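Only one chain comes next, encoded as C-alpha cells, the form predicted on its own.
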C-alpha cells in the first residue's frame, strides 16, 4: 500500500518557470503529497527547450525538476487565461508565483488580488530582492544574490578571484525556506482559517547562510574573506593530500581533536595550551602547525586507508566525490536517492529521490514529469 503524504489533499498552483525557487518548491511540496498543477505558457516552460536530451517538448532537466506535477498550458495575456487562473486560485490551498515568470508572461498581473477571492489561500511569491526596499524592482538571479548577499566574498582562496558556489545556493535555499514558510502557514491556517502572503527573496535566503560568519563580525568588525576550504572557527578543517588523492577532514570540536591525537600517538599535545582549544588552533601561527600534523599522518596512506583509520578513530573525514561517484555511492543508493522513470516516449531517465525520510508520511517521487498541457481536462 502506498503511504500517504503529510499534506495529501492540498492543491498547489505553480506559476514559476525554469529552474527557479518556485519550481523547486513545487517539486518539494509534491513529494510531501500535494497535488501540484504547473501553469505553462503555450510553448512550454523554458526548461523544456534546454538540454541535455531535448525532445519535442521536454528535456532531461525539465523531467528531473517536474516529476509528480501536472501541466496546464495557459495564456495569461488573454481574458480566458486570466479567468482560468482566477478560478484555479479560488479553489487552491497554495499559490506559488515567481517574479521573473509573472513579468515575462503577465507583467500587469495583480499579485495581491488572489487572497481577496480566497481568504484561505497561502500565496508564496519569490523574487530576487523581495517586494519591499529600494531594490524591490531590480532584476537578479542566483549569481547576483550570491554576490550581493555576501557569499562570494567568502568563497575561493585568499588572493584569488572571487568565486560563486557551484550549486544555485540562493535558489535552493529560498525554495527550502519558502516551503517551510508554506508548511507553517498551513499549520496556522488550521486554527485561524485564514491564508497568508509570503514574501520570499533570494537575497534574504542567501544572507541566512552567513549566520556562522556574522557573530564574529559583530564582535570584531573584521569581515571574513576567502579562506579556501578552511573554517574560521575550527581546525584542522581542510582538504589534505593522500598518496593517491585528497581527503576532507573537519574537526569541529576539541573532543575530535583529542581523538586525532590518539591516532597519531601525540597525546602529549592534548594539554599543550597552544593546541587545547579551537580558539588557539585557528590562529595564524598555530593553524599551519596543526595542518602539518595531519599532512604528516596521511603521507604514507592511500585515501581508502586514511578513511578507514580516521572513521574508526571517530575523526570526521570523507572523500571528495565526483558527481558520477556520488550517484553510484552505496550510501546514496541505500537512501533511495535515485528513481527511474520513462518519459512519455518510453525513454528511461533517472531523477533524484525524495529528501524527506519520515516513518509515517515519507516523501515520494512517484510519477514522471508531465507533457505540455497533459492535464488540460483538469478536474479540481
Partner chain sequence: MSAPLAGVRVLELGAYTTGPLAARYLSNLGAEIVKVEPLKGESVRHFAYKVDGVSYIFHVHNVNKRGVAIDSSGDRGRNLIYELVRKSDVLIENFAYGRMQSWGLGYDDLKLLNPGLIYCSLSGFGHNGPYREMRAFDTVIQGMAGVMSLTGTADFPPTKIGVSSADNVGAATGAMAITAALNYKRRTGKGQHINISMHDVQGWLSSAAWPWLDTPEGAGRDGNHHPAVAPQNLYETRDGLLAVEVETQTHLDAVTDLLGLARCELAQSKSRESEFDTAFTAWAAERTTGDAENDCRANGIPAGRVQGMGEIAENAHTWARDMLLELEHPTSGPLKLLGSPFKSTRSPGVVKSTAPDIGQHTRDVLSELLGYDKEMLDALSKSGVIGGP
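Positions refer to the first chain, counted from 1. Keep in mind that this is a model prediction, so the values were computed, not measured.
Unshown form predicted together with its partner chain; subsequent notes refer to it.
234 is the sole member of 270, 234, 86, 109 with a non-hydrogen atom lying within 4.5 angstroms of its partner chain in the predicted complex. Contact annotation: of the candidates 294, 261, 74, 198, the single residue with a non-hydrogen atom within 4.5 angstroms of its partner chain in the predicted complex is 198. Although the partner is absent here, residue 173 sits close enough that one of its heavy atoms falls within 4.5 Å of its partner chain in the predicted complex.
For the chain shown alone, residue 372 is not a contact residue for its partner chain in the predicted complex, no non-hydrogen atom being within 4.5 angstroms. Contact between residue 113 and its partner chain in the predicted complex is not found at the 4.5 Å heavy atom cutoff. The shortest heavy atom separation between residue 12 and its partner chain in the predicted complex exceeds 4.5 Å.
Partner proximity in the predicted complex, defined as non-hydrogen atoms within 4.5 angstroms of its partner chain, places exactly one of 262-270, 147-155, 78-86, 294-302 at the interface: 147-155. Along 46-85, a non-hydrogen atom within 4.5 Å of its partner chain in the predicted complex is carried by 46, 49, 50, 51, 52, 53, 60, 61, 64, in order along the sequence.
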